[in-house]
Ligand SMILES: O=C(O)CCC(=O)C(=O)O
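There is one chain below, alone, in structure tokens, taken in the form predicted alone.
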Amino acid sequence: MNRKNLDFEKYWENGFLFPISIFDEKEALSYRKELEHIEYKYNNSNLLPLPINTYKRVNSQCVMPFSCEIALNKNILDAVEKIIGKDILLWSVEFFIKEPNSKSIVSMHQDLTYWGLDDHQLQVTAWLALSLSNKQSGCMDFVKGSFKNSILPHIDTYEDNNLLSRGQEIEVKIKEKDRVNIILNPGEMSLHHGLTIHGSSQNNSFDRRIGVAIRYLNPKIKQIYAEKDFAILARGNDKYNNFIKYDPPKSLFDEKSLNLYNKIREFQSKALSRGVKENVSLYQGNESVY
């Protein structure tokens, strides 16, 4: 199935849409190689203020130019436009990586539980595969139609093998038959609504499972948990100015971008830690999982 013959009305029936072809396998491999080159250069080094996994997992678009190159791709934005309209903000780009035979999982949850966004219909997440994402490698599972619910009660488990910030898990038992496996080849992506219940199991394959989660907003949306929030204008116009706009980074981990990164992380952590006594990190652990 390619992007041109997709029925985007299915998104509003199911709360997700896949597969959408964005890159060919060669292009996907090229982006994978670029990511892994950065990992190799900065892993176990003192070249950065924070571990490289932190920058991959949280707002990589602030400090990695190629993250913005992916997120601002015309094919992706054309698909996003059909969901949230022609005016588009890029909110975040996150690399989610499951290492071979990883034991880590992500519990079933709704993204919007802790994001602090006031209009649930004006956002969408694109999840782009840079390696094969299937049941063996721990692909995402979506629950069809679950986005039609409001935010449901979640519990914070803080379990060691759960790499969400609080180990948040929806207080509803999800039957196996209700899970839709989101199988993607390298270069394909899915779109999902922030209220869609989803999670993923461990990677039992012998390859890394590499995905890029890209969060997009319509400029009408507001941040109501944090004092400030930030975004890149990806397409169209923003007449609302609910988010502080900034430009994509010009070089990898330059000083200006690192300072902005810290500022954005500080405000977003305040939103994420709402309801707990202390601020929590945006994600647990050192391994990237989704």
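Note that the coordinates shown come from a computational prediction; the quantities given were computed from them, not determined experimentally. The first residue of the shown sequence is 1; numbering continues from there.
The form predicted together with this ligand exists for this protein as well; it is not shown, and the discussion that follows is about that form.
J.: Which single stretch, out of 174-182, 209-217, 116-124, 78-86, brings residue heavy atoms within 4.5 Å of this ligand in the predicted complex?
T.: Single hit among the candidates: 209-217.
J.: For residue 71, is any heavy atom within 4.5 Å of this ligand in the predicted complex, or not?
T.: Taking the distances in the predicted complex, the answer for residue 71 is no, it never comes within 4.5 Å of this ligand.
J.: Can you work out whether residue 91 and this ligand are in contact in the predicted complex, taking contact to mean some heavy atom pair no more than 4.5 Å apart?
T.: Heavy-atom contact with this ligand at 4.5 Å: absent for residue 91.
J.: Given that this ligand is not shown alongside this chain, does residue 96 nevertheless sit within 4.5 Å of it in the predicted complex, heavy atom to heavy atom?
T.: Output for residue 96 is yes: heavy atoms within 4.5 Å of this ligand.
J.: Find out whether any non-hydrogen atom of residue 200 is located within 4.5 angstroms of this ligand in the predicted complex, and reply yes or no.
T.: Judged by the heavy-atom cut-off of 4.5 Å, residue 200 is in contact with this ligand in the predicted complex.
J.: Go through 191, 143, 130, 140 and name the one with a heavy atom inside 4.5 Å of this ligand in the predicted complex.
T.: Exactly one listed residue reaches within 4.5 Å, namely 140.
J.: Can you list, in sequence order, the residues from 105-127 that come within 4.5 Å of this ligand in the predicted complex, counting heavy atoms only?
T.: If the 4.5 Å heavy-atom criterion is applied to this ligand in the predicted complex, 105-127 yields 106, 109, 111, 125, 127.
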